[in-house]
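There is one chain below, alone, in structure tokens, taken in the form predicted on its own.
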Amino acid sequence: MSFVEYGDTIKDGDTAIVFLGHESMFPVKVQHGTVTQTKYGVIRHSTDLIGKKYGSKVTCSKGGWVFILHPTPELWTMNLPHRTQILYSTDISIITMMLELKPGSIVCESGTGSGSLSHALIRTVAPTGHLYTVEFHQQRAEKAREEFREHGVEHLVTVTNQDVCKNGFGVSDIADAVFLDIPSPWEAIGHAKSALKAEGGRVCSFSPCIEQVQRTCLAMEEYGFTEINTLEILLRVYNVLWDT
């Protein structure tokens, strides 16, 4: 199982998504001899999951049923264990587009956090690109490495535990894009410029406060960046009803 390569069959050791409904789903690590409890009863991994096709409808011990889905970055964003606040698909989609990422791109990221954006970036740059992600917190960095290994994408990502504002990304002159989601992004703009390739390249900084945005934009101007834009992304859901 890999988050970037679809597999038809559920295997021992896979991460799968148990889908009870659009508002109720959760990830499970498939292990021989293990059982998972749901409100519809027990799912036995050995007989109900391993060897079955992804997308299968599985009947639980109480007679109810669930679907077993292949993991994707979008599903992982909706179900991952939160170690930090995360980015969701609305923001991730515009970030990926504005950074002009594609298969083969080299991208730097800080901080790694819960890995929501990281999984989407890895899927976008695969199979020949690479993600260099920097996380200040040691335990979060170690957990991210563990998840990337379990999800079959460890060959596409390098996780570094250090302060990006002091020590940078650990690479120079190779990145097509840099993404920053840290408290003081203006302090890392110099390192972002050093990581970027000699010509071209894009930087995106995600901040909740306008004061952070102002200081980051000023730092970008000081380091010679051009075409600096600030965007706010809003998602509006319409509920369409029949007028009778």
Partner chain sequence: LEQPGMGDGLRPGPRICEGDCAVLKRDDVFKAVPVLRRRKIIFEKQWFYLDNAIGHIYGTTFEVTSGGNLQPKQEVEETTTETKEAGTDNRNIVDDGKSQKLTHDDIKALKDKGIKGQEIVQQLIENSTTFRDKTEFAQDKYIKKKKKKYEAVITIVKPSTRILSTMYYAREPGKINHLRYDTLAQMLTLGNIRAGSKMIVMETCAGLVLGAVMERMGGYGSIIQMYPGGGPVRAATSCFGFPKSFFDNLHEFPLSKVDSLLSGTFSTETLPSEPEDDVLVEEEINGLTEEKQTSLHETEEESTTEAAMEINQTEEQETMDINADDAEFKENKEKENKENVREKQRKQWERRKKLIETAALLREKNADGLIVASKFHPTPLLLSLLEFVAPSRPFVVYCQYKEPLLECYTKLRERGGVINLKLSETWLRNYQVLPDRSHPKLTMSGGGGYLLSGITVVLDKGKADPTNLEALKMEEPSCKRCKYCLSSS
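Not measured: the values here are computed from a predicted model. Numbering follows the first chain given and starts at 1.
The protein also exists as the form predicted together with its partner chain; that form is not presented, and the subsequent description refers to it.
- Contact annotation for residue 74: at least one heavy atom lies within 4.5 Å of its partner chain in the predicted bound form.
- Among heavy atoms of residue 200, some come within 4.5 Å of its partner chain in the predicted bound form.
- Taking non-hydrogen atoms only, residue 214 approaches its partner chain to within 4.5 angstroms in the predicted bound form.
- By the criterion of a heavy atom within 4.5 Å, residue 43 is excluded from the residues contacting its partner chain in the predicted bound form.
- For the residues 138, 167, 93, 84, the 4.5 Å heavy atom test against its partner chain in the predicted bound form is passed only by 93.
- Only one of the listed residues (58, 50, 182, 204) places a non-hydrogen atom within 4.5 angstroms of its partner chain in the predicted bound form, and that residue is 204.
- With the partner left out here, its partner chain still marks one of 110-118, 147-155, 130-138, 97-105 in the predicted bound form; by a 4.5 Å heavy atom cut-off that stretch is 97-105.
- Residues of 1-23 that come within 4.5 Å of its partner chain in the predicted bound form, judged by any heavy atom, are 3, 4, 5, 6, 7, 8, 19, 20, 21, 22, 23 in sequence order.
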